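There is one chain below, alone, in structure tokens, taken in the form predicted alone.
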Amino acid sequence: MKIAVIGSTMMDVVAYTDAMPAPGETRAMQDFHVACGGKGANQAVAAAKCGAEVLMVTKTGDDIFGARARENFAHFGIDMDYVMTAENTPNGVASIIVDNSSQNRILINKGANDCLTPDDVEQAAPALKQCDMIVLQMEVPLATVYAAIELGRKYDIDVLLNPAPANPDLDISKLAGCAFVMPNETELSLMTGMPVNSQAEIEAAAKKLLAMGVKKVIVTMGHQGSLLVTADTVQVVPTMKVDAVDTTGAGDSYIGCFAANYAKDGDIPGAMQMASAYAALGVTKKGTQEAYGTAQEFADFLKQHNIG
């Protein structure tokens, strides 16, 4: 089965420090690196590492970061027929600071990602129609996200939307028909205008999305695990306890692994369990895509923890 990821490609410029700088303060870095990132690209690479066949629809810059991003897609065997280059435009860049508690703060410049249009989605339609799932995020224009959702509905393709980064302009009514909407608690609260301070409140907010036409909601809740809410099901899948080094990109690894496993057999709780484990493995190392486990590393990790 084939997964299409329509979304962002970034280059991550990552600084590690013992503590976040206070306003006006300069601190020394403990480590520094530049790596391929972006929510869309992260999810595509995670799905590919988990064994899925992946088509990427994205815009990269015509600079050295864009060239590196394209080389990275090729390295992971991702279908690049619709990895396009925006002329006279830099690649998207994320500036990330990670402290010793593994928390992070991120600033982004969308760059070429803002050039991905509904017309690009329509251009990719012949290839998208051959896919079993479309995975979306919101580091590209909302009009492009809406166009991809509509294309999925038109051709009866499951659509998974990760509404991140949170955008107050998101029109929930346009999400009707999405097979999955997968927010974290903060994103769920912003989407619905409802509190999410307890599991009961999270369930209530998720059910508001169901009432708007979303088929299934999966809320990622950090150390509390993930929560599946459907018209007739509420189920918590616990997370795994590990010594986290860097949580950057953990949500993306969860989504990529979930999509890859769900595409195999349609087992939602099973895919959630695999995704939780895969994200746990990733946070034990620094970085995003480079921290995501290979198929063999993940198999060893599952065996070590008696999963599967």
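Don't overthink the numbering: it's just position in the shown sequence, from 1. These numbers were taken from a predicted model, which means no experiment stands behind them.
Separately, the form predicted together with ligand RIB exists; it is not shown, and the next lines address it.
This chain is drawn without ligand RIB; in the predicted bound form, the residue among 96, 149, 83, 217 with a heavy atom within 4.5 Å of it is 96. Stretch 242-250 is the contacting one of 266-274, 47-55, 66-74, 242-250, since its residues have non-hydrogen atoms within 4.5 Å of ligand RIB in the predicted bound form. Using a 4.5 Å cutoff between non-hydrogen atoms, residue 108 counts as a contact of ligand RIB in the predicted bound form.
Although the partner is absent here, residue 39 lies within 4.5 Å of ligand RIB in the predicted bound form, judged by heavy atoms. If you take 1-20 and check each residue for a heavy atom within 4.5 Å of ligand RIB in the predicted bound form, you get 10, 12, in sequence order.
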